[in-house]
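Next up: a single chain in structure tokens, the form predicted on its own.
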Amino acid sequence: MSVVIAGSVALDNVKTPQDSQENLLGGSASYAALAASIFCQPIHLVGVIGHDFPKPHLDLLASRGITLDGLERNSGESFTWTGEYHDDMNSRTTHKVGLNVLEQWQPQVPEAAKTAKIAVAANMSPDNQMQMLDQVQADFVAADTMDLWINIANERLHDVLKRIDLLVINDSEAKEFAGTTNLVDAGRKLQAKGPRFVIVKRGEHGSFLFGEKPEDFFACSAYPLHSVFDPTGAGDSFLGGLVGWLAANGKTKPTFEDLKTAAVHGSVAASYTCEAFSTHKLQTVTLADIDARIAELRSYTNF
């Protein structure tokens, strides 16, 4: 069972209270694809990179069962993000964004990926998300977004919501997009815009999953970490882990109960991302690691 994931593939320059590193593997699609690959392969990656993109990053992706036929090579410079996390790790400052090759990019889904049963329009412009969705025939479609698109491409983002099964969005952006200060109200209002399911990410506090029935609500716990080294890409890893588990278990038309289990697996995958710079921890995670941490999480939340 394959998954197709389209989005940004980037170079990140990250500073945390502990350290700083440059030219790290980043981008919404990179994190999502690596997390999904823990559970199933192949993962079809659709994105664009520039002439300066390091070969070791590509070799790493390929080594995890991620096919790169949909990764366009461009003569320009790669998309870059430079940012700094502060002491509480819940706030960060973006110092520089270089759209570069991403600015004029239009996703081109390869033939082998068009029939993937699960598709992910990761965090990218709504126009790019629509272009990707026009090319796939998936049974289940998930999408992420961010405050930038809510502010500058709101109408097109609404068009995306009408074509997806699951919207994943963080808490502050959910409130902004829905026009409310209540997260439960925000989840239901976003659901009314089109998607059958909505997940509101709450960082270290887990996530809320909203299903089709009024009683379909699930509060998913985050795995409790003693320390967070670098939270970049955790939300994308959450989404990737979620769809990876669905694909691995043949859940191409998931029920609410299926998504509850998938969300837990996504949450645990994301916890590993936070333990090191970039994908350095995520890229080493195995199914056994996931299972062990889920067993711990279950013991913490049963009562």
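Throughout, we count residues from 1 along the sequence that is shown. Bear in mind that the values here come from a model prediction, so they are computed numbers and not experimental data.
What follows is about the form predicted in complex with ligand AMP, which we do not show.
Among 66, 234, 264, 247, the residue placing a heavy atom within 4.5 Å of ligand AMP in the model of the complex is 234. Taking 112, 148, 192, 225 one by one, only a single residue has any non-hydrogen atom within 4.5 Å of ligand AMP in the model of the complex, and it is 148. Contact with ligand AMP in the model of the complex, defined as any heavy atom within 4.5 Å, is confined among 203-211, 123-131, 70-78, 217-225 to 123-131. Contact check for residue 290: every heavy atom lies farther than 4.5 Å from ligand AMP in the model of the complex.
Among heavy atoms of residue 92, some come within 4.5 Å of ligand AMP in the model of the complex. Although the partner is absent here, residue 10 is a contact residue: one of its heavy atoms lies within 4.5 angstroms of ligand AMP in the model of the complex.
In the model of the complex, residue 26 approaches ligand AMP with a heavy atom inside 4.5 Å.
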